[in-house]
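In the structure tokens that follow, a single protein chain appears in two forms: structure 1, then structure 2.
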Structure 1
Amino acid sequence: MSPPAGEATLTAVLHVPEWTGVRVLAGLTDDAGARQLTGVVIVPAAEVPEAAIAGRLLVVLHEVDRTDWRLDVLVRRARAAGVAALVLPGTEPVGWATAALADRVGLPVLGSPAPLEAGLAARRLLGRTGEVQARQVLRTVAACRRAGRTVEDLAREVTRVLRRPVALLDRSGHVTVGDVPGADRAALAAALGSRNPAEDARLPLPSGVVVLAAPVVVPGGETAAWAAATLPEAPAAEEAAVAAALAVAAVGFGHRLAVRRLTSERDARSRTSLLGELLNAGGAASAATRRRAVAAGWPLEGWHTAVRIAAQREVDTVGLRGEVVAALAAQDVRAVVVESGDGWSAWTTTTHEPGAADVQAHSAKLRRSQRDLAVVVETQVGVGRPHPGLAGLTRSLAEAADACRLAASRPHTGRFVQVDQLGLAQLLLAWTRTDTFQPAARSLLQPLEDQPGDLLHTLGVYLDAESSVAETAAVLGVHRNTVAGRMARIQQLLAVDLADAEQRLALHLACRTMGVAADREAPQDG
């Protein structure tokens, strides 16, 4: 619930942007800060007026000698009259005796480099809510006109005008532009994600911070995001003004998002069309197609390694392309990314044929990118082998697509399959699908069955991850210490030494056999 209009605590007024230069000189206790201010009295000299001024802010305009005994008299008289706080011109400290007196009588003494402006700002906040709203709305309208074409430009400009952090959150409540300082991101996402987008939102957080959010509606009536502003404890007038200004800014965000969407869809159609032409060309693209590829920055020569990334649920592949590019770039994978069907086709190009170590390093980066992307969307990923030239690109993309389809039914690999590893794996699996090996494998792993901690699955993932505890923890979504503990338990139950290559190979083959059984039971996708 927002504070009542026309009232504010002294602490709230101290947080308004117009009071940025005001300093506390003495006497501010928690009780004094929580007092409700009922008005503002501005006087030219250091005197207490005869009128009833209880609960009001007393602002003195003319300089007051900080060492004069008359300042102590002013403090005593102001407190006796019930003044809520005293504002002096200038921010120089008061003498220790005056500070001790203010502390003892409980009268906050403040200093301002511009006391008249501070007093008038406080008066507006306490008595003229409509005027404060109108001023902020007009300034925000001007900011929307003045800001650049991107949502980032607008967020910066509105933040500057409101002097409050302004951010853009996606529909599920995750921050996409700007910042929401002092907010628990997960709690904020949960609160906004479950809220009716058709309504404005006011979210008081346990930290005392208030987040105001206004729905950002794009043409067609769809609520695409939230415009959010973060305030500390604030007067009702300022909160109402920021809420009104935020509603105006939301229109500006919606306009920019719509323009960005149109541009993205146009670019996506162009990329998809170009990729289709290249694939249909079968290694002999026309000069016009090659020119388009060059213009798009797509290298056609060299060694191409393709990746197929498919979302596990229906998503906006155009809107999320930037997230995919960012997740790859974060792992130093500079790839061409094209929206395609239920996901994205991507590839990297090198001038020379990658060696085995390069392929493994590239694969590890892609695995990390998949995990980073999981914050936004769960995916299955297939990686093709490196092949040269335009025909090689087509071949690598086809291999990546096949691997991606297999990845859908392989949760024990983190739904990540690389064609190079797939060939060896299939060979080993074919060998282990014998009537003599399968009973032996089950017997070997039987001590792990019905044990707490899913030890059999953990062992399979650990061996697939080349005995990497960190990789295993990432795939299983548990802590490294949990994996280490499970592996120690596994070695104890099986009475094996995983440092022994032969024992490790035997266990790996046995796990693959058991994994084949799991794959057969799992629903096949594609």
Structure 2
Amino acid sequence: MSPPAGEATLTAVLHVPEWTGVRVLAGLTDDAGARQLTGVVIVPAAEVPEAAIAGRLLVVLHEVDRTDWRLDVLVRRARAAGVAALVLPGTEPVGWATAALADRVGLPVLGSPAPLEAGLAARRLLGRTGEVQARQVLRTVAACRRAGRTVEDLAREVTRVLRRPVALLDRSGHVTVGDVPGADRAALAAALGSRNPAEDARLPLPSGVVVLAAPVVVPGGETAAWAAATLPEAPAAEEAAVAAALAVAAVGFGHRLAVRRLTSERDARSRTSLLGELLNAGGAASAATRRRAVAAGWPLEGWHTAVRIAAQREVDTVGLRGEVVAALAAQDVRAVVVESGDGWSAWTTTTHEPGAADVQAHSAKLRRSQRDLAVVVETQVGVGRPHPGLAGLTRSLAEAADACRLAASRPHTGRFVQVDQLGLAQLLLAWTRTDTFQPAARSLLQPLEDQPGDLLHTLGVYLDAESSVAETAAVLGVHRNTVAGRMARIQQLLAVDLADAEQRLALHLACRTMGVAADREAPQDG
């Protein structure tokens, strides 16, 4: 629960931006910090006024000699009058005697470089809540108008205006822009993730920090993100003002997100179609296509090394392209990245043919990029060989796509496969995983499906085990007589002779294609 408006503890007031320069000189105990302030009394000289001042902040404007004994008298009288805290002009420390006395009687003594401003700010916070809100909202509106076109620009500007860290969180509560200092990010994501995304949220975190979050709605009514501001313990008036200002900022964020989305989708369409044209051209692109490629900054000559990055789950490839480019750039890979299908096709270009060492180094960088990217999305990655010219690009992209498909069934290589490291058989296998071979493989093995005894798997293991019944039995954990029986039934059902090398090869390829192997982690795709 947020405290009632118009009241605040001393600790909360100490955290407001207008009090940034205020220093605690002495006497701030937990008890004293938790006192509710009821008002502000501003006096010219170091004297305790006659008026009722209990619970108030006593602000002295004129310079006070820090060594003067009268400061002790002031501390004593102020405490006796029930003053909640004393604000002196200047931040120089007070004498030992005064500090010891303030500690003893429990009167916080604070120093401010601008006591009048500090006093007036406190008075506003304690009294005129509406005014504080209006000020912050107006300043935020101006900030939205003034800030640059990116969400980063806006977050920076609103942070400056509110003097509170403002961040942009994705819908699940993860920080994407700016910072949420003092917050456990996992706890924050958990708390925000379970919220109704259409409503404002106030999250008091265990660290004592309060995070205010306002939904960022993009055109169409969908909540795309959260605008979040971080406050330490703050006066209710300031919290309310920041919440109101944040709602305004959220509109600004939504606007910028929509513009960015629009731009990137347009760019993505243009990139995808350009790549399509290049690939269809098969090494002889039209002048118009070449012009577009040059305009897009895509080099067509030289040696191209392609990479295929496929996401393991359904993702927004347009939205995540920036992350992919960043992950590659972080490893010093300047690649052209194009959204296509369930992932991204990318390539790098060099003027000369890369040597074996270059290929190895490149491959290592890509591996690291994949690992970095895993924070955002789990991927499988295939890398083609370097080939020259436009035709070479097409070829390298095809190799990369094949390698990427293979990578899906290779968790032990980190779902990363480079064509250079493939054996001939694996290349053969890659080519068999085409649209024509897959239905053939499925129909070949179809009779084994729905049969008792896990025949399909048994066949895969048997072929992998070099046709050894004993080895197969050991892998499957069954008796070898069982394996022998199953193999007899398989030959019967499929009407094949496993002694025939050609038939054995065909079955082995079919099993691999269908994902039937000793490695049970392999997905049963198809």
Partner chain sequence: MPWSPGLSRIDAADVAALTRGVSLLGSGGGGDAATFAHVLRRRLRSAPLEVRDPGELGDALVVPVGVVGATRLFGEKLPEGTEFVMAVGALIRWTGARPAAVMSLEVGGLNGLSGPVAALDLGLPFVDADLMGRAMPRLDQFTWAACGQPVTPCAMREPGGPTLLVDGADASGLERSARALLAESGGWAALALPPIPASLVRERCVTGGLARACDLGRVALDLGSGTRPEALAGALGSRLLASGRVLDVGRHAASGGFGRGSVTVVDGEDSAVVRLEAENEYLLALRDGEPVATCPDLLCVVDRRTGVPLAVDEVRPGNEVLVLALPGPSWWPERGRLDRVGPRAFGIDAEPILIGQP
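We call the rigid core whatever largest set of C-alpha positions still superposes within 1.5 Å between the two forms. Small disclaimer: the values here were computed from a predicted structure and weren't measured. Structure 1's sequence is the ruler for residue numbers, which start at 1.
- Between the two isolated copies of the chain, the first is the form predicted alone.
- In a rigid-core overlay of the protein, Glu323 has its C-alpha displaced by under 2 Å between structure 1 and structure 2.
- Once the rigid core is overlaid between structure 1 and structure 2, Gly220 does not reach a Cα shift of 2 Å, moving by less than that.
- Once the rigid core is used as the reference frame, the Cα position of Ser443 differs between structure 1 and structure 2 by 2 Å or more.
- Comparison between structure 1 and structure 2 places the CA of Thr458 24.8 angstrom away from its other position, after core fitting.
- After superposition on the rigid core, the Cα atom of Thr67 is displaced by 4.2 Å between structure 1 and structure 2.
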